[in-house]
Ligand code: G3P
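The chain below stands alone and is given as structure tokens, in the form predicted alone.
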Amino acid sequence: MKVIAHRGYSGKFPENTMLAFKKAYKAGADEIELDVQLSKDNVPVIIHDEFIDRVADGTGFVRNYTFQELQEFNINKKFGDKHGFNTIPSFEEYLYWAKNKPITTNVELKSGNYYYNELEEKVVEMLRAYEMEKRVMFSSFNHVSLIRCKELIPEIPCGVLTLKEGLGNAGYFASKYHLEYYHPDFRGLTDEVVQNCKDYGIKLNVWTVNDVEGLQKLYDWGCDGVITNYPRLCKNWLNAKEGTETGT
């Protein structure tokens, strides 16, 4: 089971910052999950919310600031002064860092509440420029965005994100539109949903699991990935689990 660092090592460091990504890599994460949307001047930037209020020392929508203006905000609200000044990264900055690292990336397209003009096209163009097509996947709550990605670059796998309520007959839906993964909220996942996905050959990456009890449930279900705020905890647990089961 793959360990996917949710917004980087977000349990201990400011989410969706280069610091959180680097710490997740050092913690042994197999994959980094991050969120991409566009600034006012159409630069792909990494931040979860459509507004900066929750994580930054400022207010307003991401789309109302240029990239340079966004750089003036400190993304460290949750941790105070503990981790210094952290800027909103551009997607390009992340790709430049990740290009030569043995780690994959789950790119969540933030097009659910506000549909950015050509977000998918801009992200795909940048992935091609950095030759990262084989080391990423897409996910989104806006399933139209995923279908658009499949039109643009069908070889990149896509994950159908859902909230706690989930999506009925998710395995069939994903398979019908050639989307390889289902990314449900752990709180709404059931035996029936897991089996439905397996029946249609759809892989499962589940969010957000931060404790051993949840990990054991995903392991027993045979899920493909765990999306977590604490990648070191998950990696250590899985290493111990697999070591025990193989007798090493």
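Computed from a predicted structure; not experimentally measured. For every residue, the number given is its place in the sequence shown, counted from 1.
Keep in mind that the form predicted together with ligand G3P is not shown, yet the notes after this line are about it.
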Inset, instruction - Would you mind picking the one in His48, Lys217, Lys203, Lys40 that has a heavy atom within 4.5 Å of ligand G3P in the predicted bound form? - result: His48
Legend entry - One stretch from 91 to 99, 143 to 151, 171 to 179, 105 to 113 that, in the predicted bound form, holds residues within 4.5 Å of ligand G3P by heavy atom: 105 to 113
Inset, instruction - Please run the contact check for Trp207 against ligand G3P in the predicted bound form: heavy atoms, 4.5 angstroms, yes or no? - result: yes
Inset, instruction - Evaluate Asp35 for contact with ligand G3P in the predicted bound form, applying a 4.5 angstroms cut-off between non-hydrogen atoms, and reply yes or no. - result: yes
Inset, instruction - Examine Met137 and determine whether its closest non-hydrogen atom to ligand G3P in the predicted bound form is within 4.5 angstroms. - result: no
Inset, instruction - May I ask you to state whether Leu161 is within 4.5 Å of ligand G3P in the predicted bound form, using heavy atom distances? - result: yes
Legend entry - ligand G3P in the predicted bound form - contacting residues of 1 to 34, heavy atom within 4.5 Å: His6, Arg7, Glu33
